[in-house]
Structure formats: structure tokens, C-alpha cells
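The chain that follows stands alone, in the form predicted on its own, written as C-alpha cells.
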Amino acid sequence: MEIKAKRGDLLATLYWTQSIVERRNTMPILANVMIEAQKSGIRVTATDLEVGVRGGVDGDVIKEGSITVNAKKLYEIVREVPNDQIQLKRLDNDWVEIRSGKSVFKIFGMDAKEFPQFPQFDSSGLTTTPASTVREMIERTIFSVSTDETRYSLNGVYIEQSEGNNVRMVATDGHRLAFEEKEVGQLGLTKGVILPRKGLSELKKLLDSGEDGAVSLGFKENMGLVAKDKVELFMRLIDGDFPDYTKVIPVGNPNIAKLDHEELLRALRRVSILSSERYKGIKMEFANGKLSISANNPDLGEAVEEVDAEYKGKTIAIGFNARYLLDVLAVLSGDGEIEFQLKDELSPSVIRKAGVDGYLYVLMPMRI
């Protein structure tokens, strides 16, 4: 195998592999990327068996073939070489020579036959939708995914086909739930599936790069498949049953409070400074025309701030985790009003943003 490519093109593709490669030594080859040189072009692939990415590289194929090399070291070498032109050549005994200008590196590789196969899928069979739509849905739900590995089915975002071309994404960690429904298209889902946090994080990173454009999505057996520009990504679905989220979403909470988004966000940031480091508990007291936010920490002190609110209903004093509130306000950024739908001090509340249809956030209260 022998190829020539521009440093920037190769570096851009290697970038996608860095957070995917397996750094534990369960299978040494998973710390490598596979480089394939074929008549159809140059491809770079990385996987940890749960998530995989494959990207195309513009360049010249001098001799066809394939090899795997350490992903981290190859990335560092390509990043530091002096010239814009790079030549990679496979030598005897799976060694790889990297030349650029007056620099020559030789690193040990491994036979590509040992590398896990990338799932075969036809991108023409996927559903194409605006990348900005999918990115927004991931951003507004992934922060609510559980990090408790014993609750395996909550370690990802649940996705299901709704009415027509609408798609729902739901995430919960047992203390809060984020729900988003948007028009995405027909994904071919006969039932809901759970996408892993790591796969969605890599997908969001891909969607954040470059121009928005379009992204193609689909599912095949136990895989979620994505294609954008020259990059293909797959993620193995989480095998488990997601809880019935419809039973968690309150209906008809009668007490409605409307507050300015930015004013509430700034007040929460200030008051939460004196909340407990571990639990971040704050008290929010809703009364006619105002909201009082307070934190009391025996080791540090106390803070109180009053915020104007459009609120008519019974006085409710309810405790929340400030970090959970700050998380949702961060992803609902921009001007406008935040709406709290409350029932009482012990029941879950619903949070919505004016002008953001199809999204809601359910937050369980905490004892203060």
C-alpha cells in the first residue's frame, strides 16, 4: 500500500477517529485506525465495536492495499509534519513509513485482516434531513441521559417514529426527562430504539463541523447508521427496554408561571453559588407576580434573589437541583419566556420555552 495526500485532508479525517478508538488493551487493534487504498479512493476507519466512523480522504493511490496503525500516534505525526504533502507506504512486516519534506517516520502497524469489519450499508437507502434539526434534537436531550451504568437502558436516548414524518427523542436519568419531537422523515422504525450516549456525542461532533447541509439517517438490524459528506458513522443500539415515558409526563398542571429566560438564568447562576456542592439544591417560591429563589448552606451561607414572574395561582415553595435547571436553560438559549407548569411541592413540574414547539422538560422536585 502506498498513498499521497495533503496534510490538511488526512488530518481532518483522522480527527474523527481520536475519541472513538479503544484505549484499553482488551483488543490492541482497536487502538488503531485502518487505512485502505483502493481504486475508488482512500478511506480511514476506526471503531471500538460499539461506535465506528469511516471517512474518505482526497489523495493519490500509488499502490492498493490496507494496513492499521496506532490512531493517536498517526494523528500526532500528521499534525506536526513540516510539509503539506504526506506519503504513507506499507513496508515489510507491517511497518509503515510516513514521509513529509525532510521528515521520515517508521511506525509499527498490524494486518488489516484482524480489524473488525465496518457494517455495509447503502447510503441511498437512508433518510435525508437537515443536519441542524438532528443536531438540535441531540443537544436538547443528551444531557438528561443517565450516567449510572447499572441502569443500562437509560444510558442512551430513546428514538421512535411518531405520526407522519415526525420523530421523537427522549432521555431520562430518573430525576428529569427531556422530550423533543420534530419533523425528520421516515426512518423505517417499526418500534423505538435506544441510541448510546457515545454514538450520539460523536454524531453531534460531526454535525457541529462545517456547514449544516444535510445528514442521512437510518437503521439496520441492531445498528444506527449515519452519513454526512465523506464521513459514515455507525452505532450499535442499546439492547434493552426504555421505560414508558408517557406515564412520567404530567398532564394538566394548573399553576403556570412565565419568566424571562435570561433573567432567570442569571439569577439561578448567582444563587446556586451557595447551594450544596453535591446536591445543588435551591428553593423556588412562586407567589403572585414574583418568584423567590434561595439557597441555604450551613457551611457557606445563604443567598436570596427575587425575579419578576407572570404567575397567578396558589403559593408553591418547591425544591429543585439548580444544575438540572441550568442544563435545560442552556440548551433553550435565546430571548423569550420560560414557562413552569406546577402542581404542588411534591409533584414533577413541566418546563417549556415560548416559541419552541415540540419540546418539554420534566423535573422532579427535591426536598430542601
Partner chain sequence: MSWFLHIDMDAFYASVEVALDPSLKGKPVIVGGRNGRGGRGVVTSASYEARKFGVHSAMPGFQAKKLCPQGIFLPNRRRTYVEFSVKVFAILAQYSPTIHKLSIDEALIDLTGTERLLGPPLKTTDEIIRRIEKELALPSSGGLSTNRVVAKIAATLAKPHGLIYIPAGCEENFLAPQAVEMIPGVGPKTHKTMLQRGIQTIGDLLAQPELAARYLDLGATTKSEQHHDHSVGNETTSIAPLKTIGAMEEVLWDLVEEVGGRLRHAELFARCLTLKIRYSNFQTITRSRTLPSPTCFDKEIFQVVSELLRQNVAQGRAVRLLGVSASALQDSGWQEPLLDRERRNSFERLYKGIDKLREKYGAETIGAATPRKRSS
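Computed from a predicted model, the values in this text were never measured in an experiment. Positions refer to the first chain, counted from 1.
There is another form of the same protein, the form predicted in complex with the partner chain; it is not shown, and what comes next is about it.
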In the model of the complex, segment of 68-76, 116-124, 227-235, 168-176 with a heavy atom within 4.5 Å of the partner chain:
168-176
Given that the partner chain is not shown alongside this chain, does Y279 nevertheless sit within 4.5 Å of it in the model of the complex, heavy atom to heavy atom?
yes
is_contact(Y311, the partner chain) in the model of the complex, heavy atom dist at most 4.5 Å
no
Applying a 4.5 Å heavy atom distance criterion, does L154 contact the partner chain in the model of the complex?
yes
Even though the partner isn't displayed, in the model of the complex is G358 close enough to the partner chain, meaning a heavy atom within 4.5 Å?
no
Exactly one residue in G192, P243, G240, P130 has a non-hydrogen atom within 4.5 Å of the partner chain in the model of the complex; which is it?
P243
Are there residues in 348-364 with a heavy atom within 4.5 Å of the partner chain in the model of the complex, and which are they, in order?
P348, V362, M364
